[in-house]
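Form predicted on its own, single chain, as structure tokens, below.
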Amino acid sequence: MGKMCLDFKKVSKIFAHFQRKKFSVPLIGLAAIVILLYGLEQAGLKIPSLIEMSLLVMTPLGLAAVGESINQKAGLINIGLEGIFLISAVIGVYAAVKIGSGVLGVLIGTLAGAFIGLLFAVICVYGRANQIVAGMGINIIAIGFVPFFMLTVWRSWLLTIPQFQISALFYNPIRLQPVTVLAIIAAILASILLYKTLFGLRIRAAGEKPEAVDVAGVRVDRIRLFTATLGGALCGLGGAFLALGWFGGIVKEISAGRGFIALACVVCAGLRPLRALGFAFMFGFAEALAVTIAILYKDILPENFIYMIPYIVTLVAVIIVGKAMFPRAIGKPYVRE
């Protein structure tokens, strides 16, 4: 027993050493994935297909996590990502069917997410509502709205529309989704915005010390309105992608908890967009691995238990590295004096 405690202390010291040296946890995780991929390849799994699906799952998670990272840096915390996923997905599909264009459907789904983000900001910034309660309100509204809307419009909780799936509209020799490329670009641009520009400094200051931003003549409310709208738009793009870029249709529970996994990406990444994208890939890999194992070994292993893998990985990641240093003014409405 004493030896086990000693070993645990050694592991803790090693992990603390990594933290002091500022090693990137996502990079360590990605290295572990590479080692795991080698082992899976030796076991006979098709690695290219596994990576392809990991990138597919990463896309909505990464988009939502990048947007929410910017939003939280400005001092707003929106836990309604799950609801935005659901609403933007169903609005995007409805628009695609009505207009006859998957691309326009994705665009309108993105605008729906932006509108929800803006509405959230107005309620919290000017109405001074509790941000956690407002975010939960988005989720609750979406849970009721989406099945009601689907039953009213299509008389069904399931709709398949492969003809409007945007992945079929682009020549793609490496099978990389166009929205996946946008997610990677968004993470890079968000990182540059936050840490390399004057406006990014103002965003971070709005979350840390909003009164200083106000004294400098910059409107804190407008910064927060912008970041919430941008975060909602990126999350809306992720939701529309779920239906029109991935599934080729929609069901009433299409988000399947991915909004909360995106929040876990934000926390684990310490509100850094590029790291958030890295964690999104890690969680995407966990889901892709679960699906692959469930298909290959469905007669041996319990299928429902295997599908729990990405959620278990999320919980473990939050427990181990979920120690984000949130801005001091996050969740607090700012009142001009």
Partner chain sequence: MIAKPETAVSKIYVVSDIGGRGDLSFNDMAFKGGDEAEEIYGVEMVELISTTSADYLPNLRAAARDPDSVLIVGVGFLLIDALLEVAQEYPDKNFAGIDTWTYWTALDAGITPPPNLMDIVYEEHKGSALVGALGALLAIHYDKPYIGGVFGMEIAVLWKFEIAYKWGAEWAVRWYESNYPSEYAAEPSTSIVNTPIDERVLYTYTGTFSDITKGYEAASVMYDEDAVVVYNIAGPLGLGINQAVDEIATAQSLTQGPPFWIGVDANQDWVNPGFVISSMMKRVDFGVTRATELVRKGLFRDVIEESPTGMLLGIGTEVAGIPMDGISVSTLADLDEFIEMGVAAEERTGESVLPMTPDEIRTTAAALRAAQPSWIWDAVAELEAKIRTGEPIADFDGDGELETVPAATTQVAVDYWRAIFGTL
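Numbering follows the first chain given and starts at 1. In this text, rigid core is short for the largest set of C-alphas that superpose within 1.5 Å between two forms. What you are looking at is a predicted structure, and each value in this text was computed from that prediction instead of being measured.
FYI, the form predicted in complex with its partner chain isn't displayed, but the following is about it.
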note = The one option of L176, L158, V218, L201 with any heavy atom within 4.5 Å of its partner chain in the predicted bound form is L158
Heavy atom within 4.5 Å of its partner chain in the predicted bound form - residue from V181, L151, V103, L189 = L151
query = Where, among 181-189, 104-112, 225-233, 90-98, do residues come within 4.5 Å of its partner chain in the predicted bound form by heavy atom distance?
reply = 90-98
message = I'd like to know if V251 sits close to its partner chain in the predicted bound form, meaning any non-hydrogen atom pair within 4.5 angstroms.
response = yes
task = Give a yes/no on whether A269 approaches its partner chain to within 4.5 Å in the predicted bound form, heavy atoms considered.
result = no
ask   = According to a 4.5 angstroms non-hydrogen atom cut-off, is A31 in contact with its partner chain in the predicted bound form?
value = no
key: Contact of I35 with its partner chain in the predicted bound form (heavy atom, 4.5 Å)   = no
task = For the stretch 56-72, return the residues whose heavy atoms include at least one within 4.5 Å of its partner chain in the predicted bound form, in the order they occur.
result = L56, V57
inquiry  = Is T292 displaced by at least 2 Å at its C-alpha between the shown form and the other one when the rigid core is overlaid?
reply    = yes
inquiry  = Superposed on the rigid core, does the Cα of L56 end up 2 angstroms or more away between the shown form and the other one?
reply    = no
query = Would you say I306 moves its Cα by 2 Å or more between the shown form and the other one, aligning on the core?
reply = yes
task = Could you tell me whether Y307 and L271 have their C-alpha atoms closer or farther apart in the predicted bound form than in the shown form, knowing the shift is 3 angstroms or more?
result = closer
note = A change of 3 Å or more separates this form from the other: in the predicted bound form, the C-alpha atoms of V267 and M308 are closer
